[in-house]
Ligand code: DGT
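Next up: a single chain in structure tokens, the form predicted on its own.
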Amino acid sequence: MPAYDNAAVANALDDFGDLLEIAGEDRYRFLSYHKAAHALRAWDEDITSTALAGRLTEIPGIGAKIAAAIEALLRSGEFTGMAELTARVPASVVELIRIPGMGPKKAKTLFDELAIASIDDLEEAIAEGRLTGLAGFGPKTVENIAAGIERYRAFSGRILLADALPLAEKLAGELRALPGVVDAAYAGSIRRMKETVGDVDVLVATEDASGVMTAVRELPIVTGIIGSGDTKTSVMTTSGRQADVRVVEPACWGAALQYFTGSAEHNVHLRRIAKSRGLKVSEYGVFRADTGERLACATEADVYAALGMALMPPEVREDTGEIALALEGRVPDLVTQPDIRGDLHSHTVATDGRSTLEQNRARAAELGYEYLGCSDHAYELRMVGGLSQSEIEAQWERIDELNALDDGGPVLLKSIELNIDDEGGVDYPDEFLARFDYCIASLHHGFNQSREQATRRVLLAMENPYVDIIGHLTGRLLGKRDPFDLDIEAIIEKAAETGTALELNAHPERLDLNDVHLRMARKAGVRIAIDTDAHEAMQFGHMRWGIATARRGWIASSQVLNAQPLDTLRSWLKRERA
């Protein structure tokens, strides 16, 4: 029986939903598959374990029919209905809508009118001018699609961390269970929690290298062998991604794990330090340069101790100052998941969310949160049902009712996600903004604006005393949409001056701010809100990706708005200081 990780099954659901839409099927039907995929990506349990326990329908959005399709995929590798659907629309057509600027309607037009069924077909058609005169494909649109193909090709070799980590965890778990295996762990950029990664790297500590290499080739998660030797096997997996499995001796486990985790710059710096101490360090161990004696390196702590350094968290091993700190016996104080007391950015069915206020509150209660911000979209974003003042008043009445319940649930905070207009203004007058507990303001349009204009919009918005937080600052969607061209240094300086917090949006396609921006904010003393921007209750689970990125950015809990008790959080808001 094949083995699939959560992300692989979620991708299959999304692909099926996209094919249904391209084939012209009922809107409710294809949206149901996307809804199930969204929920599964935020599901904490391994999908196979959930299926074996007969609990698939406990995942929000997964009913009996989709559960049966998932069970069929897990059992046989075939998604129910896929063969019939791909007889009408080739599966390769789905790839077209991965191109920035494309969508299901355009993909359907290209397939129906020009029999374009792949990106290669599309590139050839553009080169030959066959899109000229096709409805919906004017010269500017074709130009944008051609640029989108370039961006897609550049990014397609990368995997979102949220897709790569479930695969790495599943693979490491299967390897750890093999006879003769002392330990197994993922390494590389996944262990450093980079926002996107290349191949999945997994290390195995064992004395039986040959036996483990044989077992790797026969794992249920493996669909093909790229190459296999005495100590390394590269395979293709059911997720469609490559994974490299390396075997090392248990005696040098720590050295190997350190070597294959640290960035190239981090490891080069370590080698310089080792040389200055008369040592050599490699994936095989730490050795005395004069005698060749291998020092203890069964753990990473042993390796760093041999170099006179404290053990540092994997996320910061990028040579951005962590080594100097470790030489002093110190490590960065980094935020952790248990530090988080609430989520300040969530949406409901009142605008473009898929969960009710009550469902969001219930999920927050399950997570043990002290508070939850309800921050639906403001009026000017009408395309997603932005709220009028009267609609907000009605929502506030319900919030008051829920807060009055004596059920131990989290306090609901009255918030809003405002839109920053071209002049740096926001949706409502100050007297109305003052009535919110806090306000988030975000850029939602103008991605082609100049650096000067886009930056000016944010700087002016931060001068508003009721704009407490700037949401998803750069507006990027990894692999799908380029960020705004912004002067980040000027914005961080202004945030420090005005007391405006900056959001680290934890959605795995955003992770915005990134680690570089976060280190800049940390040095400037700017406070950070780590939010999921959840559009359904299960997406509160995306907080893990925000925490990972915050740790890469050296953010401590003492700098995080929503790592504070509610009274402290309120006192930190810009409106309170104003």
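All residue numbers are counted from 1 along the displayed sequence. As the structure is a prediction and not an experimental result, all values here were calculated from the model.
Although it is not shown, the form predicted together with this ligand is what the next lines describe.
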Residue 197 within 4.5 Å of this ligand in the predicted bound form, heavy atoms = yes
Does residue 395 reach this ligand in the predicted bound form, with heavy atoms at most 4.5 Å apart?
-> no
Any non-hydrogen atom of residue 404 within 4.5 angstroms of this ligand in the predicted bound form = no
Quick one: is residue 158 in contact with this ligand in the predicted bound form, heavy atoms, 4.5 Å cut-off?
-> yes
Interface segment, criterion being heavy atoms within 4.5 Å of this ligand in the predicted bound form, picked from 198 to 206, 382 to 390, 431 to 439, 81 to 89 | 198 to 206
Partner-free chain; cross-checking this ligand in the predicted bound form, the single residue of 260, 466, 152, 369 with a heavy atom within 4.5 Å is 260
This ligand: the contacting residue among 135, 177, 264, 115 in the predicted bound form [heavy atom, 4.5 Å] | 264
